[in-house]
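This text opens with one protein chain seen in two forms, each one given by itself as structure tokens under the names structure 1 and structure 2.
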Structure 1
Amino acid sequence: MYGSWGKGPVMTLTMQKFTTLSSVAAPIMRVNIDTDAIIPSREMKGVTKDGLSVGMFANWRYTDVDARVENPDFILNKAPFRDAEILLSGENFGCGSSREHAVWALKEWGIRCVIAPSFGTIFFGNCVRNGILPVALPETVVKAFAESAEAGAQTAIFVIDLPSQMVTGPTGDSHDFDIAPADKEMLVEGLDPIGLTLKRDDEILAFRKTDEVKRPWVYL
């Protein structure tokens, strides 16, 4: 994608649009799950975003990490949670280091929404910028959702409606959530921050033309 106000191509990432999502939800109800738990540093061996999902939650997911022997008790190794697009967890999810690889691993696995009482600030931003919706709900609500997810298994379907900012659980109980307008716009339209900026390309160009007249020395 190109911006008319720049001196060359402006690269922007087009992500999958997020409007509504229906899925089972995998509960990992631990507090303070940090980015090293989500993707241990030893699992970050490449220079791209690809291939990270195999190392996601590696210390919990495998009984033998090197041999990739699955732990049968870990939730994501059980049906139907292997195919979950929603993750439920405890407060301060994604704390710790700022590594964006944690979000890349979740996305590659297929996670499109994480519901928790609170999030690490940088992790929250990384989610939005990579097409994952972080939803903050009260702890009591998340725990009730987790109980429903475990009890209903394959029939426990959660529905996320981002335009309405609403989460509906398997029992029909709905809860609204807050999200910044810019974050919502990026997710709904499938844009990264650059793509969001380029929506205002005409305004930027008009400002630049006016500013060139007022301050020509800036554009030498």
Structure 2
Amino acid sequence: MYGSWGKGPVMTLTMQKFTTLSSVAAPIMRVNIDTDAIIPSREMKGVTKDGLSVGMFANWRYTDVDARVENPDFILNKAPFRDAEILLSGENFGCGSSREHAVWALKEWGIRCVIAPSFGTIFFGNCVRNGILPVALPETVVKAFAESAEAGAQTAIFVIDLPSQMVTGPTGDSHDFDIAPADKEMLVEGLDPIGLTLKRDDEILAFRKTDEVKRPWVYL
């Protein structure tokens, strides 16, 4: 799975559609994993969205970051989690800076879904816009998932069904999750948000016309 997003240009106008997903899940059960941890600043070397997965979790993933010496204890360096398309984590995942690079790195690596008790607000929105499904579930559920993910290793397959908003763990326990209908639609249809909005161009232009009279100081 590694690199499967990285080969072509990531910046396509339509996202990969998200309907169902079956994968092992990698638990990184710390709380407050911030975007600096997901992609450290110095790993954001280029002006584009690709090539970032090599720097993902760099401070944890490598024992020598510069030489890229892998830390064998870090979960994503271990089989079968190297191929995980699902991450499990603690509360407030993706807090901190607005850097979308965190999401691009996860996406390029092959992560398509993150399950945590809660998420950083900006990170959450960035996920949806990039075709990654953020699933918020109660902490007890995520913890139980993490245990079964590690215990079962390669046989511990999680199934995510977005249309019916359901996650099923390897032991067969299913949990509903909430998602805003607009976010769901965007993920399921693989829509490009800009194209979607420009369908409302008449409304935008009409707003502007009235607003220019009401608030002339806004229009430089």
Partner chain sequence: MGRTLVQKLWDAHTVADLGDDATLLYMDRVFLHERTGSVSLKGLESAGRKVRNPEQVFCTMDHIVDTLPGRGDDTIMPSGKDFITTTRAAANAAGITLFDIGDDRQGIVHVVSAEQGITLPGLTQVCPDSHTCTLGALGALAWGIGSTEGEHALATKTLAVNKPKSMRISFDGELGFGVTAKDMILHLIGAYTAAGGVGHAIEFAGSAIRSLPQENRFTVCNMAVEFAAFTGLIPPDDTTIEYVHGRPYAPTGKTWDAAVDYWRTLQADDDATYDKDISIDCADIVPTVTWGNSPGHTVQIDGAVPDPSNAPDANTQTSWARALEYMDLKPGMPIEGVPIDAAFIGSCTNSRIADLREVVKVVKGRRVAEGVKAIVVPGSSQVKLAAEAEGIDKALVEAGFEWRESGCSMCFYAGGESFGDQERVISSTNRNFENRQGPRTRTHLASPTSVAASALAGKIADVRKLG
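Residues are numbered by position in structure 1's sequence, first residue being 1. Throughout, rigid core stands for the largest set of C-alpha atoms superposing within 1.5 Å between the two forms. Everything numeric here is computed off the predicted structure, so don't read it as measured data.
Remark: structure 2 matches the stated condition (the form predicted together with the partner chain).
The rigid segments shift between the two structures, and of the options L191, R99, G125, G55 the one at their hinge is L191. Of the two rigid parts, the smaller turns 37 degrees against the larger between the two structures, judged by C-alpha superposition. For T210, the CA shift between the two structures after superposing the rigid core equals 14.4 Å. Aligning the rigid core leaves the CA of G195 displaced by 3.2 Å between the two structures.
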